[in-house]
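Quick heads-up: the C-alpha cells below are two forms of one chain, split into structure 1 and structure 2.
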Structure 1
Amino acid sequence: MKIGARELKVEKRPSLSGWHAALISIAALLVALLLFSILFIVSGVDPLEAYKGIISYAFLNQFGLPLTINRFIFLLLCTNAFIIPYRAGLWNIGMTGQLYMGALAVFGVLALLGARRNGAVAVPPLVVIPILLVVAAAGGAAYAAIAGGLKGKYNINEIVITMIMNFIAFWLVSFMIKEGGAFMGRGGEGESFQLPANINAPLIAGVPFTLFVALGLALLLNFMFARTKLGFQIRAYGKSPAAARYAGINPVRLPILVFALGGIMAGLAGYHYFAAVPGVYKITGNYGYYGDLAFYGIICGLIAMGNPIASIPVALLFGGLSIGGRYIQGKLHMSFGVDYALLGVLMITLVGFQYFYNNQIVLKSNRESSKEESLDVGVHSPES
C-alpha cells in the first residue's frame, strides 16, 4: 500500500521481543472485545454498559471477586497444564479429562478413608489434605502420561488422543457419581458425596490455599524453563524435535514427561474446583461445565505465548471475564452462554493475530527501501 512517498509493507519479523509480544496480545484482546460488542448490540445491550458491568462485578464486587479469584486459580493451573507440553511443541487439550481424573483420585482416597460411609474421616486433615493434593496430581499426571506415551512411542496425533480421553474421563465421572456409582452422594443421584467439613481446603484470608500452590507452581515453571536442564531439553524439543534428538534428548521420554507435568497441573485444578472452592466441596452434577472451562487454558496459554509468568495476569483477566460474563448474562437478561461466546470470539481473534507474531507492518519511504541496509547480522544469503 502506498501513501505518498512512503509505503506500508508487511515484512517478516526478524525476532519478537517480549514487549512486542505483549503489545500484540493486548491488541488482540481489544479487537476481540470490540468484535464481541457486536453480540451485545445485537442482543440489545449497550456494550460499554456491559463491559463496565463485567469488570465491576468481577473485580470490584464483594460477591464477584472471590468467584473471580477461585476461577483464576483454576485457569492458572489449566493454563500451565497446557503450557508445559506446548513449550515442547505438543498440544495438550486434555486438561478436562486430566482434571476429572485428579478429582476422581481425590474422592477415591476419601471413599477409601470412609468419608462416604461415615461423612467424616478419622485421619487428621493435616495428613489427609497433602495426600489429596498428591493423589490429585498423580491422577492427572498418570492419565496425561498415557497420551504422552502414545505420542512419543507411537507418534499418534496428541490432539486426537487427548480430546478422546476427555470424553472417556467425562463418562467415567458419570459412572462414578451417578446411578449408584461408588462415589454417589447419599442424597440421591447425580452428585458425589460431600467432602467432610474438616477436610475442606484451608482458607487464607477467605481464599483457598490453592492460590499459593498455583502461583508458586507458575514461578517454579518459569524457573524451570529459564534455568534448568529439563527446561532446556523441553525448549529444544519444542523448537526442533530432530535437533533435540541429535543433541541426545530422548524423543520417547520427553513427551511422556511433559504430559505428566501438565497432568499434575490439571489434576490440581481438579482438586481445586471440587475440593477447595468454598460452597462446592463435591463433584457436582454439572461437572461438564467446569471441565469445558478448562479450554480457557488453551487461550490463556497462547496469549501468554507459553510464558508461565505472563499466564498469571492473563488467567486473572480471563477468570474475571468469564465470571463477569455469566453475571451480566443474568442481569441483562441475555441468552445463556455469554461467557462461552466470549471464549470463542477471543480465541478466533487471537488466531488471526498469530500472524503478527511472525510478521510486522512497517512504514518506510520508497527511496530508502531500495538501498536499505540490513540491520540484521544475518546475511540472508539468497543461495540456500
Structure 2
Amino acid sequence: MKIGARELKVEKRPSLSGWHAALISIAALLVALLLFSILFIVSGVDPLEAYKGIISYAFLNQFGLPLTINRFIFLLLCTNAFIIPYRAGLWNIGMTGQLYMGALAVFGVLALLGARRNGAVAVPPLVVIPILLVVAAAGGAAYAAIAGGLKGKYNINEIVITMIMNFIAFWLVSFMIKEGGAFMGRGGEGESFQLPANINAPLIAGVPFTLFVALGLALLLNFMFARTKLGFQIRAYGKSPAAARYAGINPVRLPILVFALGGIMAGLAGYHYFAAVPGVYKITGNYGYYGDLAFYGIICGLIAMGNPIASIPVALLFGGLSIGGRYIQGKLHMSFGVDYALLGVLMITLVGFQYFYNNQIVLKSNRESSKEESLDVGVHSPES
C-alpha cells in the first residue's frame, strides 16, 4: 500500500520483546472491547456504562473481587496445565478430565476418613489438607500421564485422546455423586457430600491459600523453563522431536513427564474449585460448567505465548471479565451468555492479533523498497 512517496509493507519480525508483546495484547484488548460495544449498542445499553460496571464489580466490589480471585486461581492452574505440554510441542486438551480426577481423588480420601458418614474428619487439618493437595495433584497427573504414554509410545494423537478422556471423567463424576454413588451428598442426588467444616481450606488475608500455591507454581515453572536441564529438554523437544531424540532425550518418557506435570496443575485446579472456594466445599451439580471453563486455559496459554509469568495477567483478565460479564448481564437485563460472548470476542481478537507477534508493518520510502527488491533479485537470479 503506497502513501505518497512511501509504502506500507509487512515484514517478519527479527525478534519480539516483552514490551512489544504487551503493547500488541493491549491493542487487541481495546479492539475486542470496541467490537463488543456493538452488542451493547444493539441491546440499547451504553457501552461505557456496561464496561464501568464490569470492571468495578470484578475488581473493586467487595463481593465481586473474591469471585474474580477464585476464578483467576482456577484459570491460572488450568493455563499452566496447558503450557507445560505446549512448550514440548504437545496439546493438552484434557484439563477438564484431569481436574475432575483430582477432585475425585480428594473426595475419595475424605470418604475413607469417614467424612461422608460422620460429617467430620478426626485427623488434624494440618495433616489432612497437605494430603488432599498431594492426592489431587496425583489424580490429575496419573490421568494425564495415560495420554502422554499413548503419545510417546504409539504416537496416538494427544488431542483426540485427551478429549475422549474428558468424557470418561465427566461420566465417572456423574456416577460417583448421583443417587447410589459413593460420594453422593445427603441433601439429594447430583452433588457430592460436603467438605467437613473442620478441614475447610484456610484463608490467608481473606483469599484461599491456593492463590499462593498457583502463583508460586507459575514462578517455579518459569524458573524451570529458563534455568533447568528439564526445561531445556522440554523446549528442545518442542522445537524438533527428531533433533531432541538425536541429542539423547527419551521420546517416550518426555511426553509422559510433561503431561503428568500438566495434570498436577489441573488436579490442583479441581481441589481449588471443589474443596477450597468458600461457599462451595463440594462437587456441585453444575460441575460441567467448571469443566467447560477449563478450556479457557488453552486460550490464556496461547495468548501468553507459553510463558507462565505472562499467563498471570492474562488469567486475571479472563477471570475478571467472566465474573463482571455475568454481573452486568443481570444488572442491565441483557440476554443470557454475555460473559461467554465477551470472552469469545476477546479470545478471537487476541488470537488474531498474534499475527503481529511474528510480523510487523513498516513504512518505507520507495527508494528503500526498490533497493530491497533489487537485492532480492540479485540473490535469487541464476547469474548470481
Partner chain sequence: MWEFIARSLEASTIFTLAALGELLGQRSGILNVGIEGIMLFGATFGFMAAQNSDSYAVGFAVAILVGALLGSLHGFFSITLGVDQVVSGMGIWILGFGLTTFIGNPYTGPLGMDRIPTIAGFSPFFILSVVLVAVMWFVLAKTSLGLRIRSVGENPSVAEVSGINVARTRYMCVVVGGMLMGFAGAVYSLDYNPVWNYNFLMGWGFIALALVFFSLWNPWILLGGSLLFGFLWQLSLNPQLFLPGVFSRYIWRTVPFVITLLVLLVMSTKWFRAKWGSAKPEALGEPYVKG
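Numbering runs along the sequence of structure 1, starting at 1. Everything numeric in this text was worked out from a predicted model, so none of it was measured. Between two forms, the rigid core is the largest collection of C-alphas that superpose within 1.5 Å.
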- Item | Answer for which single form is the form predicted on its own | 2
- Message: One rigid part rotates against the other between the two structures; tell me which of Ile41, Ser56, Val109, Leu221 lies at the hinge.
- Response: Ser56
- Aligning on the rigid core, what is the distance the CA of Leu48 moves between the two structures, in angstrom? 2.8
